[in-house]
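Have a look below at one chain only, the form predicted alone, in structure tokens format.
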């Protein structure tokens, strides 16, 4: 098994974004709104970490403080942005005409394509915890779109479930990419089978998983290439996200 890299939780990039000073027009939540961001990959001044993997450009593990903290309306184009809510409530507003509230287990795919804007806010009274994934599109300047889905951990325990990609029940995405999630209710070793010539980025949200004789704890991650069968020895209560990408 070919391991491209292992990235421990403490090795990720980190940024602390406050709603005052230079960030005041971008970060909402005056007077003391705060977003903390741990970044697996680097992307200009917005994220820090290691180089991207396949078509992945951003993987951000973020926490928004309560009371209106978030990102004010801002533009994107030629990016596909996905968000996976882990806790709290995310209010998402976009120029396609959607106003949405997402809670733990919910996720969305926003394809900015030819151009779109969105705002993401925590208007609740508890921290919002969310994972962000930015990928390059399969087609430039495609019409913008927004889709949302929900992952039921209890109904889908102990097996990788495709959330985004070209599979039945998953949200479609205009890219050779697939996002799956594995939550274990017992110690188990499920098998993930990527498509040929794809790489897989594995991120452990919670718990512990052993892959290719490497033990990953909470917020650790790794990338694998050249494999058609990946065994994931996960402890009970583990939560693992797998992002399969063309290389």
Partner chain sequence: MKKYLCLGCGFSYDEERGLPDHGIAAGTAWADIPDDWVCPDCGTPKSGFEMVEIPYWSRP
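Model, not experiment: these values are computed from the prediction. Numbering follows the first chain given and starts at 1.
The same protein also exists as the form predicted in complex with its partner chain; that form is not shown, yet it is the one meant from here on.
Problem - its partner chain contact at residue 146 in the predicted complex, heavy atom, 4.5 Å - result: Flag for residue 146 set to no.
Problem - 4.5 Å heavy atom contact, residue 78 to its partner chain in the predicted complex - result: Yes, residue 78 is a contact residue.
Problem - Contact flag, residue 42 vs its partner chain in the predicted complex, heavy atom cut 4.5 Å - result: Answer yes; at least one heavy atom of residue 42 falls within 4.5 Å of its partner chain in the predicted complex.
Practice task
Evaluate residue 88 for contact with its partner chain in the predicted complex, applying a 4.5 angstroms cut-off between non-hydrogen atoms, and reply yes or no.
Solution key: Residue 88: no contact with its partner chain in the predicted complex.
Practice task
Heavy atom within 4.5 Å of its partner chain in the predicted complex: which of 136, 157, 104, 73 fits that? Just give me the one.
Solution key: After the contact test, the surviving option is 136.
Handout entry: Partner-contacting position among 178, 181, 57, 198 - heavy atom within 4.5 Å of its partner chain in the predicted complex
Key = None of the others qualify; the residue that does is 57.
Practice task
Sort through 94-102, 119-127, 138-146, 157-165 and report the only stretch with a non-hydrogen atom within 4.5 Å of its partner chain in the predicted complex.
Solution key: Only one stretch qualifies here: 138-146.
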